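Next comes just one chain, in structure tokens: the form predicted on its own.
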């Protein structure tokens, strides 16, 4: 392992090399947009002419509808009220989409990505972070959210949501129990937390979504993407109502995305990964 920290640019360069080698096309989507996705708990930063994007998700899905198959982007995003050791208002996001894949396919792919970037930047498979040594060549440990809540909080995720305790229990009871010596995948979220992920065909109470933790830090969020136009519009309406009730700004649906829904978003999977957090872990830094 290299003794001195590498630069964030080294991490970004390694990420881009990996995706190009895998046959992905790099894209550049607008940083200032007319309206962000109306997710209930993410607030956008206003700028002249619109909003700074909270994620490249909206325009990358437009590209999928227009025929792109395998795309990635690394670039700046901004979110209000983000500050702390692993949060800041402006951060670097990696986002990628692959047509024909689902969220399970992206588990192995993400493992390959992390191993490649680790080797390219620090010259080793292994990282010491948060007091533990873990090897990126090892497969991740996979848990369902339901089993974690049942084992460590004695309630189901649905019960925790109904009692407004989900975030508290996740932070205080669940995340401290996750292994620190390997990558961890937490999968299968309640439908209420689906955001824009697809629900399971055989169980509509579960969303095809997983999150990746490294050394106890949440690094990435992955979906089998929602493609049904009517369900998209239903969730937009639901999220708009939640934002209204919370007194947060209303975000209208971008007309370009409505056109993409008409064209049809293909079956696909996508992942959003915090590059600053990954760089922090790779270099054993205390904060981003």
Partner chain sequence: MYSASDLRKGLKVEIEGEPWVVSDYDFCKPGKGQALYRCKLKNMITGNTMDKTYRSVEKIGKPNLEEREVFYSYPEGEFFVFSDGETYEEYRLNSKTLGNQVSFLIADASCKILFFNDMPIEVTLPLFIEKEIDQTEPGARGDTATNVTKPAKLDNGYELNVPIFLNEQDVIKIDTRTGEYVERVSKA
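Residue numbers count along the first chain shown, from 1. Since the structure is predicted, the reported quantities are computational estimates derived from the model, not experimental observations.
Although not depicted, the form predicted together with the partner chain is the subject of the following passage.
Q: Could you check which residue among 138, 159, 102, 211 gets a heavy atom within 4.5 Å of the partner chain in the predicted complex?
A: If I apply the 4.5 Å criterion carefully, the residue I get is 211.
Q.
Only one of 115, 107, 180, 195 gets a heavy atom within 4.5 Å of the partner chain in the predicted complex. Which one?
A. Filtering the options by heavy-atom distance leaves 195.
Q. Non-hydrogen atoms within 4.5 angstroms of the partner chain in the predicted complex: do 42, 85 and 171 all have one?
A. Yes, because 42, 85 and 171 each have a heavy atom that approaches the partner chain to within 4.5 Å in the predicted complex.
Q: Using a 4.5 Å heavy atom cut-off, state whether residue 124 contacts the partner chain in the predicted complex.
A: No, residue 124 is distant from the partner.
Q) Would residue 204 count as a contact of the partner chain in the predicted complex, using a 4.5 angstroms cut-off between non-hydrogen atoms? A) Contact with the partner chain, no.
Q) Applying a 4.5 Å heavy atom distance criterion, does residue 120 contact the partner chain in the predicted complex? A) Contact with the partner chain, no.
Q) At the 4.5 Å heavy atom threshold, is residue 144 in contact with the partner chain in the predicted complex? A) Heavy-atom contact with the partner chain at 4.5 Å: absent for residue 144.
Q. Looking at 69-77, 172-180, 151-159, 125-133, which lies within 4.5 angstroms of the partner chain in the predicted complex, counting heavy atoms?
A. One stretch meets the cut-off, namely 172-180.
Q: Enumerate the residues of 197-236 that have a non-hydrogen atom within 4.5 Å of the partner chain in the predicted complex, in sequence order, or give none.
A: Result: 209, 211, 218, 221, 223.
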